[in-house]
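Just one chain follows, in the form predicted alone, and it is written as structure tokens.
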């Protein structure tokens, strides 16, 4: 049976890289007695995969892990057993069963919600909200995207789906009801919520948006000035024909599963 876990990541755990997080969960599952399936061969390993690895230094309310199970327990019991093996800065918040035909989370990620905050002690500009709103009002936002082999100009404006400067406005924009969060809070009050294209096809990191914003106002981009917090990951739940027509219906990954009994 396939199952999908949703978990958060906060505090000092934001400095733990993806491979160590994977090993952390593997050990937690063994200690909790979760009946995870293993691969066959000379070097068997747990059949688990992550939706979209989170960068070092980022916090999150919406990380996902898919797993293959030989047997299951009620969802509440599994959550309790797993969370007892984790520290308070990384906790599983839900577990859903998936159909055997479902695609793994990594292959279907199409969007993500972020909160990007200016950390206290850093200065970006006066009236951050007004200047950022003016930046996003441009018809085109062209950046130079660099890869290991090349660099090219691209307009990132089509990949910024929504933005807001208050949680109430963002909830309305994306049709969500965000309330509880493990995101760090800062006294300066300079932050922006954004829903961006994410995944293997059109992946826009919030750091690129902030870099472009800094260039637009003539300020040097300092990656240490911002705290990026991922709030949710989405799949694009449309038919092949609708996808070819450019339609979009973003659905949180956990809503593609059903209750584990």
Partner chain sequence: MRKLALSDEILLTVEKPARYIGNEVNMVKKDLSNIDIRFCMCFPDVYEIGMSHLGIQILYDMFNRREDTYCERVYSPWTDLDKIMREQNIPLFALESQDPIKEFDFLGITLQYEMCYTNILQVLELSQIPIMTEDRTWDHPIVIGGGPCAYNPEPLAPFFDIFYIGEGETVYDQLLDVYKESRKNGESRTEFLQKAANIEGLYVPIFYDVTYNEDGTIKEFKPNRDDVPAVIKKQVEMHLSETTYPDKPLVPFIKVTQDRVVLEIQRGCIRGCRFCQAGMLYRPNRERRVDFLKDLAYKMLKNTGHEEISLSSLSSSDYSDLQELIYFLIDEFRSKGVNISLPSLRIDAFALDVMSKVQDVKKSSLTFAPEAGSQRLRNVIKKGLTEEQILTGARDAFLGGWNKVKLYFMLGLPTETEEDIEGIATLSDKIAREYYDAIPKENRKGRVAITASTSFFVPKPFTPFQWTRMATSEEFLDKQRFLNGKMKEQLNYRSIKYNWHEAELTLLEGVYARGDRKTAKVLYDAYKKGCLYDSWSEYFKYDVWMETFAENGIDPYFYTSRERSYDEVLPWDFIDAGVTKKYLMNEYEMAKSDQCTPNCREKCTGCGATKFGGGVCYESKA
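Residue numbers count along the first chain shown, from 1. Predicted, not measured: the structure shown is a model, and the values here were computed from it.
The next section is about a form of this same protein that is not shown, the form predicted together with its partner chain.
In short, of 130-138, 168-176, 114-122, 101-109 it is 114-122 that has heavy atoms within 4.5 Å of its partner chain in the predicted bound form.
Not displayed here, its partner chain is approached by residue 13 to within 4.5 Å at the level of heavy atoms in the predicted bound form. Among residues of the shown chain, residue 44 is one whose heavy atoms approach its partner chain to within 4.5 Å in the predicted bound form.
Although the partner is absent here, residue 237 is not a contact residue: none of its heavy atoms lies within 4.5 angstroms of its partner chain in the predicted bound form. Contact annotation: residue 87 falls within 4.5 Å of its partner chain in the predicted bound form, judged by heavy atom distances. For the options 49, 203, 216, 26, the one in contact with its partner chain in the predicted bound form, meaning a heavy atom within 4.5 Å, is 26.
Along 56-75, these residues reach a heavy atom to within 4.5 Å of its partner chain in the predicted bound form: 56, 57.
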